[in-house]
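A lone chain, given as structure tokens: the form predicted on its own.
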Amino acid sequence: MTNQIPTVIIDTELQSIELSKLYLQELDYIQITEEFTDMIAGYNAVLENRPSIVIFDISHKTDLALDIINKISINHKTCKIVVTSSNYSTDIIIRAMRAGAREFIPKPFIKDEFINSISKFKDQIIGLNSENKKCRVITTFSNKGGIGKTALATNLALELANMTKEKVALIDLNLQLGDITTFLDINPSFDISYVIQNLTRIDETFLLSTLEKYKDSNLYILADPPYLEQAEDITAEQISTLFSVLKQAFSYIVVDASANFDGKTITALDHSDLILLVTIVNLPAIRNCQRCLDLFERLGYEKEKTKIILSRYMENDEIKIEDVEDVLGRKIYWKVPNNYFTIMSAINKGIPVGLVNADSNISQSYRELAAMLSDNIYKQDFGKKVSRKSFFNLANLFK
């Protein structure tokens, strides 16, 4: 096959190299150019020959391996690095991704997972079906304000950008009273109203120049409009078109949705691959969460599309997790610990919690959640997106 992808394997275990080669033989567009059991020799060869894919095992001498991976990602930016390891703890996965890994494959290998992980790079490298770029849309939602939804969206988006090294868009769809610019202490030159007014001439270059880039990260922010009347002029159809355009430029879109069930919010939920339904452990909040789940069912969303996130979680809460799960009929997907001082310090300073205290329990929780939701690590079976030909009378959903 022409246009084969040059691939290098670096692994201290010969048996593992042979198994990798056996699986890669099934991919006729992969060409294994070299294999190394010595990390330093492999690193030098990568810099000299510039392969498109490097499969790098970090089971042994992990710190050295991650240091080499970081150097490869800096000096050979287009290289797709696949990390394998017999240690697949959350900490190791996060460290590998931060070093520059684009995929993580646990050992012992499962053939289908191995092949699927490598196959992801075919379109990116050879350039096939580039217009069908995969993008994951993650929306944080709650019909009750003040429980940590915006903090979750903001910190999750930044962790995804830092961890995956992919372009991530953070969209503030609280169109009248958005808080993302406050949480990150930014004053963007453009906002969602401006972008929507220019939808007919938007391309990737335009998007990256109008969305606010957050410091030296790959996070791009689309802020809410500065004036309330601008929010009223934005339609659900325009929101739908905006998502279609954003998906061409970004690998992840994180949406901080409004607490209102209007056509714009439902459009965002329809376009989402995953809805993070945020609640806290008290009876009114749980009841509101239950109502949201009922509404999502009426909207035709599959159960897998919605994941319940407990915010401000404390181990000694009077209401136990089991009680919440019994009431909702759903498992709790993630628990964000209650750390009032760290989160309030972050909000008041306008910085992510990781910059306040990277070792705090809440910072660690956001990092681990980002790893869970990343395409690079876990193959999530999320619910299908829902298409609607027209926007409908929401009141009918509550009958």
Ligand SMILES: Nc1ncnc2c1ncn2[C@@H]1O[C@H](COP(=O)(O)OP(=O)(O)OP(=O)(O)O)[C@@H](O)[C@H]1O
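From 1 onward, residues are counted along the sequence shown. Quantities reported herein were computed from a predicted structural model and do not represent experimental measurements.
Beyond what is shown, the protein has a form predicted together with the named molecule; the following relates to that form.
Of the residues given (226, 145, 329, 300), 145 alone sits with a heavy atom within 4.5 Å of the named molecule in the predicted bound form. The contact with the named molecule in the predicted bound form, taken as any heavy atom within 4.5 Å, belongs to 179 out of 113, 166, 212, 179.
Taking the partner from the other structure, the named molecule in the predicted bound form has a heavy atom within 4.5 Å of a heavy atom of residue 344.
At least one heavy atom of residue 338 is located within 4.5 Å of the named molecule in the predicted bound form. Not displayed here, the named molecule is approached by residue 311 to within 4.5 Å at the level of heavy atoms in the predicted bound form. Within this chain, residue 150 lines the site of the named molecule in the predicted bound form, having a heavy atom no more than 4.5 Å away. Residues with any non-hydrogen atom within 4.5 angstroms of the named molecule in the predicted bound form fall in just one of 23-31, 344-352, 64-72, 40-48: 344-352.
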